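One chain is shown next in structure tokens, namely the form predicted alone.
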């Protein structure tokens, strides 16, 4: 189960709306060895695509150095889908199974297909992806 604060959900949702029609992406970090998402870190989608996201390699290197310096780890890896449901695509699954994969990471997808940049409901789901297998997990949104 992913336990996440409402302010972090709001930040992810705002980022997804702001970047629509392109996919938004980023991470939420927390203390190393924990499962507590605490620090929202929006990233630039280097692909600038409505169907694909890619972290800029330099930004990713800087992120991992910063996480190491602060004794943090990626708790949540998030991105948006702009025209489809929030379910991992084959590309998403391959990323989650790549060299930077961590089985403890929550993969959060938010779909902006209904309202795009406008206010209104979005679909948000969380998954664990291990060895190419996708398992949806419950999301508990807490008050901050």
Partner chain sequence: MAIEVRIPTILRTHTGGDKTVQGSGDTLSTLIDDLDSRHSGIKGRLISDDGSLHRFVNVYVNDEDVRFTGALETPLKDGDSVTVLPAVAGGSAAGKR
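Residue numbers count along the first chain shown, from 1. It should be emphasised that the depicted structure is a prediction, and the values quoted were computed from it without experimental measurement.
The following text describes the form predicted together with its partner chain, which does not appear among the structures shown.
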item: Non-hydrogen atom contact residue 19 with its partner chain in the predicted bound form at 4.5 angstroms; value: no
item: Interface membership of residue 40, its partner chain in the predicted bound form, 4.5 Å heavy atom rule; value: no
item: In the predicted bound form, residue 91 touching its partner chain (heavy atom, 4.5 Å); value: yes
item: 4.5 Å heavy atom contact, residue 85 and its partner chain in the predicted bound form; value: yes
